[in-house]
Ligand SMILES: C[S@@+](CC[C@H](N)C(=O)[O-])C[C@H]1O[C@@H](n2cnc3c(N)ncnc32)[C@H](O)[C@@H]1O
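Take a look at this single chain in structure tokens; it is the form predicted on its own.
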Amino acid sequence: MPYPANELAIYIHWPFCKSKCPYCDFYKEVRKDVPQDEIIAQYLTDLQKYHKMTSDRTIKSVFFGGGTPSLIEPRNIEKILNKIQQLWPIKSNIEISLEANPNTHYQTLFSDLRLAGINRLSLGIQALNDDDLRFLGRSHDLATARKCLNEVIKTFDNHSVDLIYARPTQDIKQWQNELNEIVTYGLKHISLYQLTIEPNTVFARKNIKPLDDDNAVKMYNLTRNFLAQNGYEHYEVSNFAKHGFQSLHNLTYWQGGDYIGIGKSAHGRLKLNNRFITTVYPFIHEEISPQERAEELLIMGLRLTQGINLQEFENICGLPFYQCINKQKLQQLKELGLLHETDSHIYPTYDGMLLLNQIVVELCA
């Protein structure tokens, strides 16, 4: 479905963590003395600034990410959500998500978050065995992960979990066991990320090597087939959902919708008066060209199994899709069985999903 031009998503970034995982390359701060009330007050001020630019929009989703946003006191989450509701009209089916880590859990955490206004909880488990939890630098154990999963299921109607696969010593049987367990919880959404070793991470400095490509591909194919058999639609490279439970907020990014980012390192994309604006904390704006926006739409849109809606692509960036790509390369990619083309869409095939980075480079050449 196209993203309506009058709708807006809001991303709230909480960069603070109890510890930093060795695979993580996101901007994060590990601090014990976080001046939470002061930071929240700045968030409210920033929301007010962005309202002046987007007062005609309706809010479709709010996403608290990080970092570890489950460290935000629920009373402060409520303050943020109340401010958003004061400033903008809100869609009746608004999705309000928060990422939580098991290491922040206390007895009433999830019920407190629900009362504060969160209606979708995403739990960062990452592994379902203690050895790999330790390897990944997670400060929770498997027993805590399972306890949190059960509480999330009881507390929320919409829920998601993150897992990391293709860990260096992982084999197919171990991954199958984790998949067997995770589907028993009845989660509405599952995000599964292949472990990559990013520069400047602890893993990179320790020269940790990821699982070889052949076994990583086998795990990816196993995952897609197994989750499909268990009622999960594979709708984006790393994301699987029960019918009607795709991440509305993340679809904003992949489909080229407008969003603002609040908090350190947060960024946004806005279309204002037919101009394309990128925003970066703290309230820095830069105009980009239609061609630059088209490249972003290409990179993000091909992550979806339904691919790029050609008419919507042109509606957003003002340029025909075929004017923005190498048509000869497109034909070659189709002949190789990596892309499929219809009158209305361009989308990656089953094999194309495994080579998206290469496909994008070819199309933009």
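Bear in mind that the values here come from a model prediction, so they are computed numbers and not experimental data. Residues carry their position along the shown sequence, with the first being 1.
One more form of this protein, predicted together with this ligand, exists but is not displayed; see below.
For Glu99, a non-hydrogen atom is located within 4.5 Å of this ligand in the predicted complex, even though that partner is not displayed. Among residues of the shown chain, Gly301 is not one whose heavy atoms approach this ligand to within 4.5 Å in the predicted complex. Among heavy atoms of Arg138, some come within 4.5 Å of this ligand in the predicted complex.
For the chain shown alone, Thr68 is a contact residue for this ligand in the predicted complex, at least one non-hydrogen atom being within 4.5 angstroms. Shown alone, this chain has one stretch from 248-256, 168-176, 188-196, 211-219 that lies within 4.5 Å of this ligand in the predicted complex by heavy atoms: 188-196. Interface residue among Glu295, Glu236, Asp162, Asp112, judged by heavy atoms within 4.5 Å of this ligand in the predicted complex: Asp162. For the stretch 116-135, the set of residues having any non-hydrogen atom within 4.5 angstroms of this ligand in the predicted complex comprises Gly124, Gln126, in sequence order.
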